[in-house]
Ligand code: FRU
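Here's a solo chain for you in structure tokens, the form predicted on its own.
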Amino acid sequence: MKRIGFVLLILAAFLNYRTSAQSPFREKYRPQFHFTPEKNWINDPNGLVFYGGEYHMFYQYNPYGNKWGHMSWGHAVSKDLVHWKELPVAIPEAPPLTIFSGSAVVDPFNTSGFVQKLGQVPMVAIYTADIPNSNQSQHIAYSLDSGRTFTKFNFNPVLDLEKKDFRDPKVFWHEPTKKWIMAVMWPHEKKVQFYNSKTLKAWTLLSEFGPAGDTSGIWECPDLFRVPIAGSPGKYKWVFMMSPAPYMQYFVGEFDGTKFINESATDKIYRPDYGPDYYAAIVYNNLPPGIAPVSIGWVNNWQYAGDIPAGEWRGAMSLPRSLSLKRVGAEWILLQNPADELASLKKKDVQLNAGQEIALEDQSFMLEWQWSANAAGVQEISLGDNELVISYNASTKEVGLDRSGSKGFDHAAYRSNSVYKTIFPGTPPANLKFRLYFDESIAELYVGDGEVAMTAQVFAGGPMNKIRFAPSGAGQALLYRDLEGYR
């Protein structure tokens, strides 16, 4: 009996170990196909770069807890933008310096001079080193082992204006001028500066852009990149995208190697995402030729980010988005669609009918449906006990996202940022397509060909797998896809 009891005790301990080992990715509200670290705080994606068949995602990370602080660069890699492997901290803080946002590049021609032996290709991280309440300057570090370990440059900083707020360098190679270009922010002045360099070590000021568009918040996390025009092979425009806290905006125009020439309307704000929880998105460097830009953003909002009801983890990344541009009248509209690789998440399809109520199997799923552009009144889909409502008013072309019914997070700023609406640009098709990716506590909505994207965290008080359709919009159809996670 004692032997049996001992065996049972060992078995119980083993099962308890397995349960505890598996539990970090099954906590309440933990996304299943949006990236989260096993534990601790994350915010801005940094250093998105493709190299050696891997998508590298560095990000702002606190190695010591689930609140903002001790900023370092965390690191994850993926072969397909869907299934991620979390790696050790890539660039840790070195008090008094903390490691703020930035970017990473691959330097195949060794312009930086960091190669030590034949066959090496440097990956160079460019980031803001922050001395709290004192100075922000731009530093570099290099890796000769595919981003697994980094060595900080001995002669940092490489750009220092002796300013308290001067941050978030985004660097890319500009082929026509054969130089590196850096976009870096003056947050409170609400402008971006552009620099160039031959070596990544010495930088020359080229021009400035801003203030413009949304100047209600500080400016952060700039990105400048070339985007293909949908339906016009070989044609491109340049997009300058940035984050006026706590939201984002973009401008479309040209970049001549020295300055950005804005062609967007100066009296209108264009957002890559019209929801409350999408910030600091940047695009991948070094993608293979012919691949459209791919962006990833942080799913959170600084007004309540530190208080969301997460577990040991706090913060998540958006789905990867493929970008293109579309001309709508006199305007350029950024089209955003989930990257094609996400199709690998599909497990099964279930056809649903208009007006039907159904309970799905889990709380990580994708819904596809169409609403008639000629329908009268407001058409709606609700999740859970009306804790998330997606709507479309065909008369006004207004797309709505409403999480005001969510009952799991009693926070004043979350409550006051719960109803979002935007006008679909141009003339919608007769049947307007909607795609909603819902993942435990994250909703990403894409409308039409990607003309509208809206992202929101939804901390519900009950299950969110019950779907209800308003009886309007005869002929609409919905395809439910049960999604499996990225782990």
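Residues carry their position along the shown sequence, with the first being 1. Here the structure is a predicted model, which is why all the values come from computation and not from measurement.
The form predicted together with the named molecule exists for this protein as well; it is not shown, and the discussion that follows is about that form.
Site annotation in the predicted bound form: the residue of Ala183, Met71, Val399, Leu388 reaching within 4.5 Å of the named molecule with a heavy atom is Met71.
Contact with the named molecule in the predicted bound form, defined as a heavy atom within 4.5 Å, holds for exactly one of Tyr414, Tyr250, Phe100, Phe194, namely Phe100. In the predicted bound form, every residue of the candidate spot (Gln60, Arg167 and Cys221) has a heavy atom lying within 4.5 Å of the named molecule. Contact with the named molecule in the predicted bound form, judged as any non-hydrogen atom within 4.5 angstroms, is confined among 453-461, 440-448, 42-50, 418-426 to 42-50. Trp302 belongs to the set of residues with a heavy atom inside 4.5 Å of the named molecule in the predicted bound form. In the predicted bound form, at least one heavy atom of Tyr279 sits within 4.5 Å of a heavy atom of the named molecule.
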